[in-house]
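So this first bit is one chain, no partners, the form predicted alone, shown in structure tokens.
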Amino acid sequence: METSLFKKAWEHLEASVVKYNGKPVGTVAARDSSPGGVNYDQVFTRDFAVSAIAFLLNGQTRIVKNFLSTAVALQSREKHFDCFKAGEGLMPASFKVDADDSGKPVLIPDFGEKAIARVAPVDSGLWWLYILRVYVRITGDRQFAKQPEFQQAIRLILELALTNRFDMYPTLFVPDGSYMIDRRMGVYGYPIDIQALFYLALRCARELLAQDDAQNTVYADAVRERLGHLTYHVRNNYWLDFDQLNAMYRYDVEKYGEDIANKFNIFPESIPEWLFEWLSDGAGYFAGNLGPGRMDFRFFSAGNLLSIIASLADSEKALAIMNLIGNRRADLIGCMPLKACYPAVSGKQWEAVTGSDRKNAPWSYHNGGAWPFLLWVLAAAGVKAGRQDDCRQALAIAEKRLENDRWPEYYDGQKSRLVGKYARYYQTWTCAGYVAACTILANPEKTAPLLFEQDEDVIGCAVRVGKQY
């Protein structure tokens, strides 16, 4: 049943629509008219992913179809070996509608060359794949994805993501600032948010690659193999529950060889004291990051919830993640769902990790701030794990404030009581995330196109990988 708050959120979402040549092609990031908006008036690929889900779940497919085609037309198609130019296959982080010298409307993409800190978007192509898969699942229009330009776009994204590199891991290496966490936050390397999204995108590509296209055979085989490696690596090496934590507490270090427990040479002294009490029985989560001599023990909501949606987390792990969110409701949900990251870093650690970034001050922005747009992914994961009631409680908490607070971008404070210090009002993905969450929880049967069941072929590959390594 549509409430007045749902209707108002929907009105804000519709008011954010951007048109090009008379056709809706996306939504602006925010409709806040205050000065210093930077690029909030542009269509961001990652932001529109949330809008796309809201539109598709509510029967509005045209804008999503137009966005998908627009992104393909803007995708970088030139191979470069020099710097300062977008690599072949990169989807734009954002685009805006402008006018040329004659007054004719044109689309201006941004691949990171204008972004703060000049960082290219690792996640834009991955989100595009997910939007395309959801669109195809909801509309049944498989021919749309089989168009030659779309199949080429998928292959270019896969070439960019699966390219040979100086790396021993199946995960995707990324720098700070290259996805939703768009500033320095100590997430360089192999952050779980990107690994879960990468896994999700590969699942989408596996479905979307046309089997009757001979060019796709090698890509399909590569995707299947990488999914198997990712499944084994993330499930076994990123996972933290109390049994694993206790094993790590007794790790030996500086060990050489294939059959050792401490494969990444993690020093037990690096385990933070807060974790021993915070990680309750029956709960678990995927660590924030993993690399040589390093594990980031922070909890990142987006990556863990996306892992449930994509079935990167099996049913047991999915339930453990939802148990953690339920057991630590005061920390992760507080007065506004949902913390992007927990806990915040502060003091000298904040100076070292963020470079003394005042926007990422402790319990603000991505450093422990709360982001209401995550309601949609919480709801979808809750349906997948059979924990809708917990999600409804989180949604009810959000409903008490969102309208009065003018649909802000994020919230600050250890309990998320404060509207974010630098937050924009009428943030589109805040409205869209609420609309999508309401629709999902009111109609759980509509969630199927957003979710993935476990792929037994991929699991079989993961088992073989485990025996090999």
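Everything quoted here is computed from the prediction, not taken from an experiment. Sequential numbering from 1, following the sequence displayed.
Omitted from view is the form predicted together with a small molecule, to which the following refers.
*Asks:* Can you work out whether the small molecule is within 4.5 angstroms of a heavy atom in all three of Y40, F44 and E409 in the predicted bound form?
*Replies:* Every residue of the spot touches the small molecule in the predicted bound form.
*Asks:* Out of the stretches listed (326 to 334, 266 to 274, 361 to 369, 134 to 142), which one is close to the small molecule in the predicted bound form, meaning heavy atoms within 4.5 Å?
*Replies:* Result of the contact check: 361 to 369.
*Asks:* Of the residues L208, V345, M180, A385, which one places a heavy atom within 4.5 Å of the small molecule in the predicted bound form?
*Replies:* By the 4.5 Å criterion, the partner-contacting residue is M180.
*Asks:* Which residue among A49, C438, A432, A29 has a heavy atom within 4.5 angstroms of the small molecule in the predicted bound form?
*Replies:* Result of the distance check: A29.
*Asks:* Answer yes if any heavy atom of S416 is within 4.5 Å of a heavy atom of the small molecule in the predicted bound form; otherwise answer no.
*Replies:* Because no heavy atom of S416 falls inside 4.5 Å of the small molecule in the predicted bound form, the answer is no.
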